[in-house]
Every structure is written in structure tokens, then in C-alpha cells.
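What follows is a single chain, given as C-alpha cells, in the form predicted alone.
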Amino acid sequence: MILRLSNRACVLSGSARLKSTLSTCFDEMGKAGIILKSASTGIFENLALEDWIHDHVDLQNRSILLLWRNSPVVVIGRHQNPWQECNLPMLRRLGIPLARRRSGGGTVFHDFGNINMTFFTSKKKYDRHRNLKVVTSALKALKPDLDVTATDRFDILLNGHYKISGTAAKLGRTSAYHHCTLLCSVDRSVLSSVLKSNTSEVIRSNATPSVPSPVKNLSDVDPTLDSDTIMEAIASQYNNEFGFDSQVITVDPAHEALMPGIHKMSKDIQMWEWIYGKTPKFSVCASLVVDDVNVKLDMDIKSGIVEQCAVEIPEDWLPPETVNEFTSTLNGSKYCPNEAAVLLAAFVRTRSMSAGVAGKIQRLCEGVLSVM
């Protein structure tokens, strides 16, 4: 079944009655359980779809399972520090976006070999154990001898050791959602590379840290366990577990008329102020070596903005007044390599200094940018 737009109205195939939004389409269906599959593979559209359903659909007497996949992306939890969780320079080189979701939990890597599942319920019916039972039962239905178990941390382990699924959740006043991943055939070399921070040792933070775990793909155990097969099995098991009879409905989160306000929701979570600016306050304490000179860098970052920057350098290498001007240039700026590079380039260009001092400043800039 496909949910699409026609004449700016919501049309459910097989139904002659028209409604204006996704929520009213669900009301028209009158089902206690609904299974959706996103037509998008864009992380920001899919995260916005989750939040739109949570905010706009009556979940007091209705449960929804949303199945979705993304093109390559790293997703951090709401209360995490991206500089601490992933290799940002590598993400930029590979062209892989970073997203911050509205739920808690740890950092994950998605690509087309990963399935995402979101279980929407009323807050009263929120039950992560039962949701994970849907996943493990679906996998065992496909391969009865598969050793998959849910843990007390709401992970799913393969063979009692390898993590194949992690969990996060958002609990609202009356509604909730629980979402989890499932590693089917993820590119593990990219996963391990981008989830290894290049700056975690110089950061002091109270942000929620991820808990590293050994991982494995289901396809490593059985190549027939591909994403499409597993999603079909999960949808079937969801119906069985909860006594529903829903078909899988494909929904496109790009349709503003179907979900009024979703474009703004998607745009909001793409903003630098959300992805980086929502990072809990942290400090950077780094020891750099520039021209065989030891440099101590200290910065305090709040809401992604440099509150205070201090650099300790031998006075015979750079004059103190030059160092003070250098650090003042960064105060109040985004903790962002692009913005810092522009500011520091302007600093060098607009000051009267010898070529030797300008060269030292340039190399010092490179050291500072390396921790961003």
C-alpha cells in the first residue's frame, strides 16, 4: 500500500475518501496498529518524520511501527559531544553528514545496510522489551538457529557477544517512541573509522559518552538475511505480537501537504546551532608542538561557541601581545574549523607583522584547527 498525494489530498489506495493530513488518514483507517515504511533515505527527513508522528498523531489508542533506512550518516544522541564521538575531519572528507537526534543514547553509523525501526505508542504502553522481542522473533523466524538475544541495556547481541542493535528513546508527556538499529550488511570499515574520534583525548566534558562494543553484520552469518527480507519479517512479526493486521504503507516525508510543518522540522535539525550548538559545555586542553615549540591550548566551549581561549607559548617565539590578539580573535566565534580559519586568515592579513611572525601564526592556526 502506498500513501501518496493527489490534488493536495491524502489518498490511501483502496479507499475513495480523501483527507488532508497523515493524521486524519490514520483516523479514517480506524486501525489500532499501523506499519509505515519511509520512502526517503535522507536522515533529516526521516528524523523529522519521527518527530512529526510523535507530535501530531494521536497515539493513545494507536501504535505505529516505522521502518526506514538512510544513506551513509553518523547520528549522535541529543546529549552528546560530536567532537568526542566521531572523526569529524574524516566525515568532511568522505562527504558523510552528521545529525543529532532528539532522543538520547549513543552514536551510530547508518548506511543502506542498516535498518531503523521506530515503535510509537502511548507513554502508558511504552515497552522496549516487547519491541525488541518483535525483532529477535522475526530473525529467528527467518533462521531458527540464530543466536540473538536482547540485553538489559536494550541492545541485541549476536552469539552472546556481537552487538547488532542499539536502542534510544524519547518520552513525551502522553506519547513515546523507541527506536533501534539493526546491522544487516553495514560497511564496517567505514563504521569503525568514522566512530573513532581524533580529538577525544583533549576534550573534558560531561556529555553522555557512547559505550564501544564489538559489532557484526547479520549477513556475515547468513547472506540471505538482507535488509528487505528482514524488514518484511519484522512487519509480519509486529502484527503477530500485537494482534494487528496492517499492511506496510509507504509514506514520503517530503510531502508538506501530507504532514504540515515537516519541512521546517527537517530544516531545524540541519542547522549548525542544533547539530553542534546543542553540545553540552566542554573544555579543550591540548598540547601542540609547532616548530619544535611546545604550545598549550585551553578553550571553553558553550553552545558551540568559544567562550574563552588561552594559548601558552614561549615569549621568545611569539610576542605576548600578538598571542593575546590571536586568542581574542577566536573568542565569541563558533568552534568550527571553517569559521576559525576565516577569522585567523583575516587576523594575519590585517596585522602588520614580519613574514617570519606571519608564518608562525599560520602554523599555530593549523595546530588549533587540528583539534576542531
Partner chain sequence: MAAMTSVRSSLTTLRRLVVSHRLQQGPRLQALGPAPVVHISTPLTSIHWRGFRSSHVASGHVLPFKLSDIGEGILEVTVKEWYVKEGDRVSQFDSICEVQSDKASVTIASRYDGVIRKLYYDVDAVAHVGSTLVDIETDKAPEGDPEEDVVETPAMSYNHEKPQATPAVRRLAMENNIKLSEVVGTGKDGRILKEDIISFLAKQTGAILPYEVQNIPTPVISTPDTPPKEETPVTGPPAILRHIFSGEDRTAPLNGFQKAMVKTMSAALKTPHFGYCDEVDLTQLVRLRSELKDLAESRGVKLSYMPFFIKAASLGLLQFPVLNASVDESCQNITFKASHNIGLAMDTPQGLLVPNVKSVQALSVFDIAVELKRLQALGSAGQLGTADLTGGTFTLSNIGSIGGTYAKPVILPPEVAIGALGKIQVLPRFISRDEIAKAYIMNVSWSADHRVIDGATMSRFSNLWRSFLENPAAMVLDLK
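Positions refer to the first chain, counted from 1. These numbers come from a predicted model, not from an experiment.
What follows is about the form predicted in complex with its partner chain, which we do not show.
message: Please identify, from 259 to 267, 167 to 175, 107 to 115, 238 to 246, the stretch that has a heavy atom within 4.5 Å of its partner chain in the predicted complex.
response: Only one stretch qualifies here: 167 to 175.
task: Please run the contact check for V348 against its partner chain in the predicted complex: heavy atoms, 4.5 angstroms, yes or no?
output: Heavy-atom contact with its partner chain at 4.5 Å: present for V348.
query: Using heavy atoms and a 4.5 Å limit, would one call T24 a contact residue for its partner chain in the predicted complex?
result: Close contact is absent here: in the predicted complex, T24 is far from its partner chain, nothing within 4.5 Å, heavy atoms only.
message: Quick check on V371: any heavy atom within 4.5 Å of its partner chain in the predicted complex?
response: So V371 does not count as contacting its partner chain.
message: With the partner left out here, check for me: in the predicted complex, does some heavy atom of N206 sit within 4.5 Å of its partner chain?
response: N206: yes, in contact with its partner chain in the predicted complex.
query: If you check in the predicted complex, do Q60, N217 and I230 all have a non-hydrogen atom within 4.5 Å of its partner chain?
result: So, no: the whole triplet misses its partner chain.
field: Candidate from S210, S103, T121, N87 lying within 4.5 Å of its partner chain in the predicted complex - any heavy atom
entry: Only one option qualifies, and that one is S103.
field: Partner-contacting position among D187, D127, D147, D226 - heavy atom within 4.5 Å of its partner chain in the predicted complex
entry: None of the others qualify; the residue that does is D127.
query: Which residues within 252 to 282 place at least one heavy atom within 4.5 Å of its partner chain in the predicted complex?
result: Residue within 4.5 Å: K278, and no other.
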